[in-house]
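One chain comes next, on its own, written out as structure tokens in the form predicted on its own.
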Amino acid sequence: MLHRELKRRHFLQGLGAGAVAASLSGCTQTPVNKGFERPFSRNPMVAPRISANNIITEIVGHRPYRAEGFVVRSEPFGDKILVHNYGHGGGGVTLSWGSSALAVSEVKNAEMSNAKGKKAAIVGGGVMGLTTARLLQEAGWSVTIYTREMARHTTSQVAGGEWGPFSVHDPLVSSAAFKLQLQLAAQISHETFARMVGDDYAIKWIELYTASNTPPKADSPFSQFYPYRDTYGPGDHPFPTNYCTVSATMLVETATFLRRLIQDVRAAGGEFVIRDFKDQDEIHALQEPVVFNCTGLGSRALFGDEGITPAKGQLILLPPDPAVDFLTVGGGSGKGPLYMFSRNDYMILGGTFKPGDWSKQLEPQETERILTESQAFFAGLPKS
């Protein structure tokens, strides 16, 4: 057993992502250790039921990705204050409370906001807009969320929901200041989600297995957020890779979580207005003196941010399987991310991470790859 920290972003160094597998091609698969004892759960491990016949639906989503990292800053905007909070890549749900807390702090104690009254317009109704709204309300603000569509139609709705601040930036491009900001946002967000664990917001602790054929690096900046953490070497774990890091993580059932946030915003007096802004003049015309930009990819057209681009992801949704009480990341061919998230509403198989791909079409070859590689990854486990 190797007691090493896992640097999950190693799997996609060029994108700063951690949810991608190391290659199995040309590598000797290690035998399954039948005596493996799970460190977090005491239930027996069984293989997910993965088959093309079990597919409920498939989803394509676009993560709002910036190689330099997400944007949280305030600036004058005519006679208003504009606060940006966008560009979180694959870490939107994970970082939501932390990034929104940083955004709210931009005006929470500002003399200008106090002089103009605590009324804010939030442009964008995904997870960033909703968490920003709740934090403002808790600080005594009145909020109106202007959104092109409600949360169930946004990218936030189709997020996998495993707590992990990955696929957020390119560590070779982002600044040292951003990396510190990311750490702070992750810490705030992790603490907030941990206090919300339970059925009300559909958040739970669950076992996570991250597989690779190369030894995990020892300098992960997020290792402190993963208890029960340990790394197993060849033959000491149940998967066909040389190494496997086991830890506990939080899983957020995004559909329930977003629905509950909407209820909370409304219960505290917040309003939702369906509106698709075409230009900045329409935002200038709003009556609220403070505006939060939580539009994600919309910031490219509305605010001229050429650095934000879609990172296309494709997911397969299968029926839930209560016998599978764990998550996995890694173990594929290296042609795209491979992960399995077992939730109460669906079992999610992923996926892809394609920056700059604006297409919304499903790719049958990706479906076949995800299914085939997932079946091979779990072949050593007993069937449920």
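These numbers come from a predicted model, not from an experiment. Each residue number is its position in the shown sequence, starting from 1.
The same protein also exists as the form predicted in complex with a small molecule; that form is not shown, yet it is the one meant from here on.
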Can you pick out, from 271, 236, 276, 138, the residue that has a heavy atom within 4.5 Å of the small molecule in the model of the complex? 276
Have a look at 143, 186, 244, 93 for me and say which one sits with a heavy atom within 4.5 Å of the small molecule in the model of the complex. 93
Determine which one of 294 to 302, 173 to 181, 261 to 269, 208 to 216 lies within 4.5 Å of the small molecule in the model of the complex, judging by heavy atom distances; exactly one does. 294 to 302
With the partner left out of view, is residue 48 within 4.5 angstroms of the small molecule in the model of the complex by any non-hydrogen atom? no
Is residue 107 near the small molecule? Define near as a heavy atom within 4.5 Å, in the model of the complex. no
Mark residue 191 yes when one of its heavy atoms lies within 4.5 Å of a heavy atom of the small molecule in the model of the complex, and no otherwise. no
In the model of the complex, does residue 318 come within 4.5 Å of the small molecule, counting heavy atoms only? no
